[in-house]
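Before any questions on how it binds or moves, here is one chain, the form predicted on its own, in structure tokens.
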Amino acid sequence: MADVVVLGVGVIGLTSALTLEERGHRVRVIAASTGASVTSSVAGAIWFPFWAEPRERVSRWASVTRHWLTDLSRSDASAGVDVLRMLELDDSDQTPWWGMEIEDLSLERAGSRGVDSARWNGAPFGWRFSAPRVDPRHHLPWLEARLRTPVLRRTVSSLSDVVDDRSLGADVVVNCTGLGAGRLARDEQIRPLFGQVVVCEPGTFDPGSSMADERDPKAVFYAIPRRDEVIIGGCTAEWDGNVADGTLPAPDPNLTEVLLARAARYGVEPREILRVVAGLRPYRTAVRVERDAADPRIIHNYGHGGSGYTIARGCAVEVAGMVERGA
């Protein structure tokens, strides 16, 4: 059993903390801010590997997380997880890299009998599979409520300060600070990617099905139903604004119109707009889940890009293994 401090209260930090506690470790979570100001709170949050590398590790983490979320959807409705039927449009009929371990993955061809491809925006193929969808409004509080110790609100200026803080008594510090890791870990590889979604009343969209089209990286589309609303997205763009204060960026009104027009091309016609939200994905050329070479008491777990909810549990399990091997 180890005394562990986890830095960060996004889905990565909270899932890591809960996983460690489930395995018998004493855990304390520290974060400068919580709630709606955290990037994870504005995510579309459906299971799908997006902007995360390397593929071999992401695929393994994603498989673990998919099974965990699916089991959670059956056991506890308050966790905010439901399993939907996902349609991912594609130009190829070759099994995608992320689909190798999906047991119910099936291929549909445009124009085939029984296939409604009129709204596929010219895509020749579509992959259908079951995908857990997470609602951050419920899931993040659910994770936090299960921790044995309340989150400690504190601004961290350096990782070494946390490691050496005798009042915390940490054997291990798990760095789940997302974009903040650029400063704390002095990591020049991590960079912010801007994303924006429109949250609408459901309209006529099937509440049990989700659709996505990422064939054109500059015109990504997805529609993700929740229990009482639909998420319309999306975009991924380089961000050159300020991230030091940790606040979420303001949505772009022009982009809102682009997203709604894009949705119309796929036959998605939501009703009233409830809100428009934006965030900064913590992207890194390779997700960093490893011990710090200079200080083995520090384990890094950040840089998950657009796949935080997709690989959170898998990464947390790997972190827990590192803690236990080093304890």
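Numbering starts at 1 and runs along the sequence shown. Since the model is a prediction, treat every value here as computed from it, not as a measurement.
FYI, the form predicted in complex with a small molecule isn't displayed, but the following is about it.
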Open item on the list: Under a 4.5 Å heavy atom criterion, is residue 305 part of the interface with the small molecule in the model of the complex?
Closed with: yes
Open item on the list: With the partner left out here, check for me: in the model of the complex, does some heavy atom of residue 172 sit within 4.5 Å of the small molecule?
Closed with: no
Open item on the list: Residue-level contact is defined here as any heavy atom of the residue lying within 4.5 Å of the small molecule in the model of the complex; does residue 222 satisfy this criterion?
Closed with: yes
Task: Non-hydrogen atom contact residue 45 with the small molecule in the model of the complex at 4.5 angstroms - done: yes
Open item on the list: Partner absent here, but in the model of the complex, which of 273-281, 259-267, 56-64, 291-299 has residues with a heavy atom within 4.5 Å of the small molecule?
Closed with: 273-281
TODO: Please pick, from 80, 192, 126, 180, the one residue with any non-hydrogen atom lying within 4.5 angstroms of the small molecule in the model of the complex.
DONE: 180
